[in-house]
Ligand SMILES: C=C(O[C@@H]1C=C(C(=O)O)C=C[C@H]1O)C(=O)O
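Just the one chain here, the form predicted alone, laid out as C-alpha cells.
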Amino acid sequence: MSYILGVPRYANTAPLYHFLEEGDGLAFRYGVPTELNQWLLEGSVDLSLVSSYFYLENANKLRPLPDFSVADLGPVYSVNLFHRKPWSDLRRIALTTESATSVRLLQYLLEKGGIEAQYTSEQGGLELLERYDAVLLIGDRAISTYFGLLSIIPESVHQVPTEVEGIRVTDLSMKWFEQTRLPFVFGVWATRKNAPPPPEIIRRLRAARSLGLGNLAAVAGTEAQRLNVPERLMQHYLWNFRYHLEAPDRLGLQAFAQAVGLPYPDDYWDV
C-alpha cells in the first residue's frame, strides 16, 4: 500500500516535489489547499501541505514536520487583492475558495485598518470587479492574472507595477511584512497526530527539496512554460520563498496565531 502525499499543484510548491518521484511506496494526490486540508483530516492522504490557518485551527489533531514550510518575507506575488477603489474604501470583496489562510490574512489586515467589509466566496477572476470592490486570488491564478495585466514585461522585478489600467494589486504578504517585519507562513507539511511520518518518506522529501532549490532555474523554466509567464520573473518568484520553517518563520507563524486569536503549539515531529 502506498503512502499518500497531498500536493497543491502550484508553482510555489514545485521546488519541493519537482524531483520527487512516485513509486517505491509513495503516491501523490493533487488538490487545492482547502481540499488537501480536509483530505488530511479524513485520512485519504497521509502527509500533506496544509494551510497554516487550518493547521492552527486543528493543532489538537495535526502535527507538522519541523523543517518544512512555504513561507515568504516581503512580497509573495501570488496572494493578491485586485481592486479599483483605494484600500480604505473597500467594502464588498469576492474571496478565493482555494485557501483559508489567505482569506483570514486579508480579513485581519482589513480589520486592523478599521475596515468593515462584506465577504463572498466566488469562483472567477477580474470579471468579478464588475460586482465587487475587490477580488482575492492566490497561487497560479494570481500570478497569471497579475502578469496578464502587463503589456510590457519590465527588465527588473523591482519595476513590476502595483497598478495597471486602474486596477490596483495589493500583495498581502508585503502588507503583513510592513506591519510585523516578519515572514508569513502560508503552509506547513503535517500529518495526523496519531500517524507519525515514515523516516524514509521524510528523507526523500528532504532530498527532493535540495535538488529543487539547487536546480531552481530548471524548476522555474518548467513552471514558467506551464503558466506562460516570463522565466526570469518565475525564477525570482521561486527564489523569494522560504522552505525550511526556520526561527524567523516560526516567529511569523506565532504572530499570525496571536493576530487571529488562536493558540500556537510549538509541537513538531522529531524526524
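Sequential numbering from 1, following the sequence displayed. Every value quoted in this text rests on a predicted model; they were computed, and no experiment measured them.
Same protein, other form: the form predicted in complex with the ligand, not shown, and the subject of what follows.
Put simply, Ser48 is far from the ligand in the predicted complex: not one heavy atom of it is within 4.5 Å. Tyr237 belongs to the set of residues with a heavy atom inside 4.5 Å of the ligand in the predicted complex. Contact annotation for Pro64: none of its heavy atoms lies within 4.5 Å of the ligand in the predicted complex. Contact between Tyr10 and the ligand in the predicted complex is found at the 4.5 Å heavy atom cutoff.
When the ligand is considered in the predicted complex, only one residue from Leu90, Ala100, Met174, Leu129 comes within 4.5 Å through any heavy atom, namely Ala100. Contact with the ligand, judged by heavy atoms within 4.5 Å in the predicted complex, is confined among 133-141, 107-115, 195-203, 162-170 to 133-141. Heavy atoms closer than or equal to 4.5 Å to the ligand in the predicted complex belong, across 200-225, to no residue whatsoever.
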